[in-house]
Ligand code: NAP
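For reference, the chain that follows is the form predicted alone, supplied as structure tokens.
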Amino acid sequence: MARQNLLPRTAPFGDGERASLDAVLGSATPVQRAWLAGFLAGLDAAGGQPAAAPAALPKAAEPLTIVYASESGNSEALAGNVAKLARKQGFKPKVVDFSDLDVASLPKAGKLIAIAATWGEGEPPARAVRAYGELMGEGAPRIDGVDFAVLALGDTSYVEFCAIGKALDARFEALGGKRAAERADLDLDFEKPAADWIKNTLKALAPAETPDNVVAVDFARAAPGEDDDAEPSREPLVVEVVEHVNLNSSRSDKETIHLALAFEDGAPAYEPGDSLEIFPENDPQLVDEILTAAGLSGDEALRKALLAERDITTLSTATIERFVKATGHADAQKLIDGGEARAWIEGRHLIDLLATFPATLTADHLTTITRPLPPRAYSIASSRKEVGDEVHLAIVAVRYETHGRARSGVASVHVADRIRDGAKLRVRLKPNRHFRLPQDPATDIIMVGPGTGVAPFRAFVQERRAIEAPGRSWLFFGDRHFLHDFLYQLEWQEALEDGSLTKIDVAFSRDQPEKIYVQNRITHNAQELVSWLEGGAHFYVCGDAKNMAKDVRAAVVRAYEIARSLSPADAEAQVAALERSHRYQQDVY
């Protein structure tokens, strides 16, 4: 078979020279070609003089598998950071979402970094459930010879802090892996310690140093999301509140605020499905109570910091430990020594600790005991194609009582009680590429969003209306009372009239003796729902993760059982296939 000519006839070489070069280049490996290209470039830079010492052949880049289990996007973002830094250090990184992970491939990973968030009370993120279950099951493969490291993300306000990362770390070791770096368990203020851990871990995983003239070459292109320029700014933006409306009636026992925010220099490039983080302020009355309990009432600088910078509600075992270290309080120490701290903190906040165990603190003590005040993320309830340079949110005020004390959500009650039209807020965009409308606007969509879970679906419908999407749209909405809690009712009616919404099924749980929820409506519509799904529809769920999302998934499985007379196992396989193909998407909290 004739060798293919690589050089064109227009190349500035004679026929014999072209033939010789073709012979050399045609049999060269990619690594050899890369070396030759670098050599010639260096030769030109040196004025045509060869280097004093011959350059060595480039060394193939070290493969590195980075798997992440993410719910809010933090683990995913860190995985991208690992890949970017690893690439610069001579690795060939491969980033894998747990939802796409083939557990059987792990024995070939060689070097492995896992970044995992913990959801709720010690559960894996929704997209990670399938692969996590396989990894923890009896059929998981051995990973002898694999060097691994685990970065765990969590929230110390939950009892099972970083449980998934801890479990993965132990499981990798049990399956024969070799721990290359100690696991880090990080709270909400994770960014700096995570950066330090990534740097040290990549150093630990790196192969033995090679001579300066041996260069690692990675011919792979960066994965999507690894480009620095593609990341949104992490700096908060200041917006003005242009609309603040309670969506519930005056007779409702709920208060849901529709918030319209205007951007002075244009709204960020958000997509339906994204979230917006609000940087809230703490309740001034609670701040004053804490200062009084700590004996620091006159410290205005500290009061200002507690209002906007420190988390003064979260109470965890770590908080108690820091409190004991700062004060030496013997009774608080007994909670820890007796193993009672976890049970005692349930339903309590920092003010309960200070009131129960009186102690005089310094400003430094109080700062050390608390953690930075994190922003709160809310699903965006608008499409830029319809509202322009605004972002709309739907925020329900969280109010409750425990241990004889009234409690409130930091951000939600800040918005409900202390924010009005004309007020300023600091916000930051939080993209979510795993909760997106189908690329083909002709694809049907089914949306399940009780309460404020309906927010992103308002954005979906607005977007589909603006682009005149031909695909059908079906919404399941639920709340307590039809008359008082039907959020955006008039807008849904208008959407039905103009065709941007094809069908709506509602469930108002308190309007009849027997409670009815969205999952009941799904089961009731089993035949039609399965028909839509078999026709290619995408299924979306937004809202409560602890109960609603699980009940909705079980209802979809049951719908397949009913509509297609399937066994529970076969029906489960149908829903699992939807998840694997990314046609079943969740944004839960």
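Throughout, we count residues from 1 along the sequence that is shown. Source: prediction; values computed, not measured.
We do not show the form predicted in complex with the ligand, though everything after this point is about it.
**Student:** With the partner left out here, check for me: in the predicted bound form, does some heavy atom of residue 584 sit within 4.5 Å of the ligand?
**Tutor:** No, residue 584 sits far enough from the ligand in the predicted bound form that none of its heavy atoms falls within 4.5 Å.
**Student:** Find out whether any non-hydrogen atom of residue 180 is located within 4.5 angstroms of the ligand in the predicted bound form, and reply yes or no.
**Tutor:** Residue-level check for residue 180: no, no contact with the ligand.
**Student:** I'd like to check something about residue 472: if you look in the predicted bound form, is any of its heavy atoms closer than or equal to 4.5 Å to a heavy atom of the ligand?
**Tutor:** It does not: once the ligand is placed as it appears in the predicted bound form, residue 472 has no heavy atom within 4.5 Å of it.
**Student:** How about residue 118 - does it come within 4.5 Å of the ligand in the predicted bound form, if we only consider non-hydrogen atoms?
**Tutor:** Because no heavy atom of residue 118 falls inside 4.5 Å of the ligand in the predicted bound form, the answer is no.
**Student:** Which one of these stretches, 199-207, 476-484, 366-374, 258-266, sits within 4.5 Å of the ligand in the predicted bound form when only heavy atoms are counted?
**Tutor:** Stretch with heavy atoms near the partner: 476-484.
**Student:** Which one of 548, 537, 555, 66 is close to the ligand in the predicted bound form, taking close to mean a heavy atom within 4.5 Å?
**Tutor:** So the residue touching the ligand in the predicted bound form, by this definition, is 548.
**Student:** Heavy atom within 4.5 Å of the ligand in the predicted bound form: which of 89, 356, 509, 408 fits that? Just give me the one.
**Tutor:** It is 509.
**Student:** Taking only heavy atoms into account, state which residues of 397-420 are within 4.5 Å of the ligand in the predicted bound form, ordered by sequence.
**Tutor:** Counting only heavy atoms within 4.5 Å of the ligand in the predicted bound form, the single contacting residue of 397-420 is 398.
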